[in-house]
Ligand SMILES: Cc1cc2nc3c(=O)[nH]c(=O)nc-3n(C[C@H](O)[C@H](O)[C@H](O)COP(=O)(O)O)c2cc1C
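Consider the single chain below, provided in structure tokens and representing the form predicted alone.
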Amino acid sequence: MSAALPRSEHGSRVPGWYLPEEPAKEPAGVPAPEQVAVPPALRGEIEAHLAAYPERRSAIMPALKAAQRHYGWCSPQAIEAVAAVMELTPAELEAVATFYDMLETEPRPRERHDIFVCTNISCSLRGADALYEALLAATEGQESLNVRSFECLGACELAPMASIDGSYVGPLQREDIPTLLDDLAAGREALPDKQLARRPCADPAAREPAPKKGSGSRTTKLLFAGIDEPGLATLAVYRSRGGYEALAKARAMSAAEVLEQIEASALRGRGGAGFQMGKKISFLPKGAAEKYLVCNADESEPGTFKDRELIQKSPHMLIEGIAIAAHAAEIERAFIYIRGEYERQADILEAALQEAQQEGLVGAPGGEERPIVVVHRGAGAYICGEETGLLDSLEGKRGNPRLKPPFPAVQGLYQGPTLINNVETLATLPRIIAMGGERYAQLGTETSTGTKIVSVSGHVRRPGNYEIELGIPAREIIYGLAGGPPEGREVKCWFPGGSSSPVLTAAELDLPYDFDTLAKAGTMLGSGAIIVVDDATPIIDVALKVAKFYAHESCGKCTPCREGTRWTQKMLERMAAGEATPMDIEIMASAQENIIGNCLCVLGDAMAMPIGSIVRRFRAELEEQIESARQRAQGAVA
């Protein structure tokens, strides 16, 4: 989901709460608790959230969501109710509410259906923009239907797709619209045959054969082995397949011995940076009074949807991995920050966590078992996938990135040393402990060990998640597993690691898919999301989609990102409208160089790197498209 455009914050944090008998000290605007009528059920829910965190402010987001469910939106009355229970000013809460898209700060009908059509790059390549326009036309004037375009929803294999009242549905075609609207009007489940919940994991053997141009693919299923087994999300089925045996094995070892196994595996982070997990743990200061583990499940990179499938189908694998990591790092409290759009996945994860807590495998707030694990739901902001923005959001603030250093390993959540890893990284730990670090390191390449889940989307015949052994040629993934582009089409370019990675061309399909090879080629493996663009797609359309996304998602905190992303979008819009000249390409390329390395976080770089690579590799095509657009514009005027 997309972050709201930045707005000024109001008010400041109240350091304490003043008793009614001291009215002179009470900050202006703070509602006295006895003067605000808070429904008992809402008060109980907010107080339960408060008990889950070591600092009360972290409960702001779940408390606001609870109030929104009760009042229909984050109304002034809802804000005051939360403020009274949490002992904060309404202004503080309003500042948070206006940052996140999933917190409604304008009135909305209670009986309203939300139809959010993903129009980001993977879906747009498969016709999402036309689908969105058709839906708008079909629902015009119907106030009970809230149709809007959305940035990447994390289900790119369903493209084009939509979130309908929280359920992911796709692939969608224009001819599906009448049935969809009839289902909603009748109160039925929308397009049940297209529901994500009914879709199996990608299995190339069960679908059409790969084109002759592709070769056989080398896969070693560790995380995806049997992932479609019915009931795997439950503790009973997970345990029947050996679940939590690795945790028992790890707990029979010392923390140092578990860390040795992780270091021997040379496991690199699967979230984007590719930093070795064992080294990350070793950076945490020894003997710290309170350390934290944070699982980054805010999977918002366009083209990436692997963590969503792992959580949905095998949540106990993640919980077991978190418990192993906490033991290795001697951490007693962990949080899973899951993106707000993953409502169904969060429900599944919380149910699995409750099972694990009841069995004493991990702890719950107020209990004696360790580590304590809490699921924290986001509220729609891509920037919260950046680790320090995530930490601020988890602390109950707007999700703005922090200045580094200090790094989270030294000063992270609640100012304590913090280990941050993504879902796939942590879910890999049970396999590493079960098979041994050295054996795991024999998979893949010397510097990119193990397996990797690759999300493939865009112009391919079999979009989906595929677990591969690192180091296989990219051609085997795109053609061998994902089936290659549609018949008669060729690969024009491909993003190796999500929309933030510099693009490569068809000439580079035989590169080994691993961290170091792709870095040497001037791009990055990133989150492991391959987006394929075929030769029928104008490159300027690809660049504009990328620029629009990052301009919309910028939190606005630093100037190079705030101004650079919007300016790049405007330049590309001028090019597409026939208002630019070839000189503008050079100016735009220069602007990308000024953005890279000059922002608080990597969001600005995430736009500048792919845009810069498109200019370098497709300058001639851009010049042709600018000239064609100018001629069309002049013809229209004439």
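Here the structure is a predicted model, which means the values were calculated and not measured. Residue numbers run from 1 along the displayed sequence.
There is another form of this protein, the form predicted together with this ligand, and it is not shown here; the text below is about that form.
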Legend entry - Answer range among 433-441, 268-276, 69-77, 487-495 for contact with this ligand, defined in the predicted complex as heavy atoms within 4.5 Å: 268-276
Inset, instruction - Name the residue from S501, N421, S554, T418 that puts a heavy atom within 4.5 Å of this ligand in the predicted complex. - result: N421
Legend entry - The single option of I60, I611, L603, L572 touching this ligand in the predicted complex, heavy atom within 4.5 Å: L603
Inset, instruction - State yes only if every one of E157, F305 and E309 has a non-hydrogen atom within 4.5 Å of this ligand in the predicted complex; otherwise state no. - result: no
Legend entry - Close approach of K280 to this ligand in the predicted complex, 4.5 Å, heavy atom: yes
Legend entry - Interface membership of T425, this ligand in the predicted complex, 4.5 Å heavy atom rule: yes
Inset, instruction - May I ask you to state whether Y479 is within 4.5 Å of this ligand in the predicted complex, using heavy atom distances? - result: no
Inset, instruction - Evaluate E151 for contact with this ligand in the predicted complex, applying a 4.5 angstroms cut-off between non-hydrogen atoms, and reply yes or no. - result: no
Inset, instruction - May I ask you to list the residues of 376-413 that have any heavy atom within 4.5 angstroms of this ligand in the predicted complex, in sequence order? - result: Y382, I383, G385, E386, E387
